[in-house]
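For this one, two forms of the same chain are given in structure tokens, first as structure 1 and then as structure 2.
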Structure 1
Amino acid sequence: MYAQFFGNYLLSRGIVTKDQLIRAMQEKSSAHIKIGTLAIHAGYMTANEVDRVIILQTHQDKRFGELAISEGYLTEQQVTELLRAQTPDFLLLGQFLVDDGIFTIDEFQNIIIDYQSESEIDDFSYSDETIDQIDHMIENFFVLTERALSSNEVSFIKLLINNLIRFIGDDYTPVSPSPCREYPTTFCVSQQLIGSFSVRTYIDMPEDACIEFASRYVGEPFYEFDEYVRASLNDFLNLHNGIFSVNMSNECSIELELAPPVTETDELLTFEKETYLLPIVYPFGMIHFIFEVINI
């Protein structure tokens, strides 16, 4: 998650523009090698085994390496070796920005020091993000709230950030969230979790972004905004909320009911309860997530 929050760090401080960041994210995406690809290249896993682990991730909130170990495809030593072979994502992103002349290597060194200090990470943490470090980054990210985030809210947001990485791609940056009282929709779907922790989540994006989002999610290209594209957005939202409800049941003994996803037909959404708008910048466009907190 360091690369995603690093992009927001640069944007929020005016170090880069959105266009400069998107260009660097596009370059980073083409250079980043996923652990599954590295495992195939090293001869540790077959393509079918990698595909099976990816499918398992749609049912379990676990990293690729964790699932590969539990399935007997990799050992802990092999996972450690493969993680060390990956360049830390936020350093890779910064290097592309240096190459583009956005800032100098000396400026980048100072930026790294400031970012590490704020995020409470060190050189030994890049391939081993700890729960405490990630929770701290999320809490800082939502510092605008008038109260501290509940543990359930942190878990929900952390899972969303992970699921975007797993199922859509890690070449994105979340923009600092803001309170939301009304929102003009483009194409929007929503779903509510019902129970002792209840939140309604909305996803909204332009049609061209919907097409690319669905193409990435399904793993095959779409070329027009049709019912398959619309269904893919509903399915992603249902997948995310479904995994979260399983986590809550397994880890907290909290049972949540999942309402069916719905397409929002009102052009202007209005909210009376505590609601936050979270923009996500991908190279293919802007996605907006809206969190309406019903009870925590």
Structure 2
Amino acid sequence: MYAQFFGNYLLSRGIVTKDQLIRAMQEKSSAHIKIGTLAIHAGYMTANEVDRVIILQTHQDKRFGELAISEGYLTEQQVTELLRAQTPDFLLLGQFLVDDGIFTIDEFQNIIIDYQSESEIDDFSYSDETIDQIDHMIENFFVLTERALSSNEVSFIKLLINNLIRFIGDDYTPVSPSPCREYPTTFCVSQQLIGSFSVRTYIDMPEDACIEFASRYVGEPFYEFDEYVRASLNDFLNLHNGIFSVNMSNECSIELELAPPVTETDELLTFEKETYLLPIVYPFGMIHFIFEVINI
């Protein structure tokens, strides 16, 4: 998980110009589409051979790589190498800048190390207890949904916990998630992620808990349930969804959009789609997160 998009990191450091970055982003996306394109780019296959494998794929339910190996176009090692090159996506961006002569492969290595040390939201600095707790929560969701959670869903929940620890504090206790058909609101804000992964997340808490939530989020004390305190819920959701979409863009080339956060005015929310309630207990009160699955 990353705190910012690799391209923006390069730009803010003055490592690339705007024109160079835009060109790299365009080049990268055109070459990212299929492993076959990468195989051509790597000089392992000709365009004709790729076409032949794609036609074979229409008859056999096999992966491109498997067929390319059985046809003798690629070795297993080459397939592994190409698959690795596909993810994370930001490495491709860097590779194109290397190819473009913007920086050398040696410089690229150093850039990657600096980028990761400055921008990576590190999962591993947490205690074993915290990691166990997060894994346990993911398992609970797994039991609830009666299907395997997608890697994107797991990333979304892990990032949420990560952001709570980072911006509110690690003195929380999660309560087991449950399915949710309706929910009586106290003070509730929601925001929808739009795209191939679309979830509407609600955050709800009583006014006094909200004051402490805002104080922790901003890092200065608030004493009244004022407009700044109310806005802290919008900002937290917006930050979480924003960073999640940055990660999807950076690692998977999936572009999501955010709707502006809204304050819920209904006293009772009802849900028709698959929806889950996740209570999180802090010393200052209980926070309820609700995830309404629009499409995933």
Partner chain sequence: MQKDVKILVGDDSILARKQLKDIITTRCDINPIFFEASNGQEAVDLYKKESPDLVFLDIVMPVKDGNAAVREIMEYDSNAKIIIASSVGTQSQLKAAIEAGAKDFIQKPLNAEQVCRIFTSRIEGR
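For the two forms, the rigid core is made up of the largest set of C-alpha atoms that agree within 1.5 Å on superposition. Structure 1's sequence is the ruler for residue numbers, which start at 1. All figures in this text were calculated on a predicted structure; none of them were measured in a lab.
Looking at both structures, it is structure 1 that matches the form predicted on its own. Core-superposed comparison between the two structures: the CA of residue 11 exceeds or equals a 2 Å shift.
Once the rigid core is overlaid between the two structures, residue 235 does not reach a Cα shift of 2 Å, moving by less than that. A movement of the C-alpha atom of residue 96 reaching 2 angstroms or beyond is seen between the two structures when the two forms are aligned on their rigid core.
When the core is overlaid, the C-alpha of residue 63 ends up 35.4 Å from its other position between the two structures.
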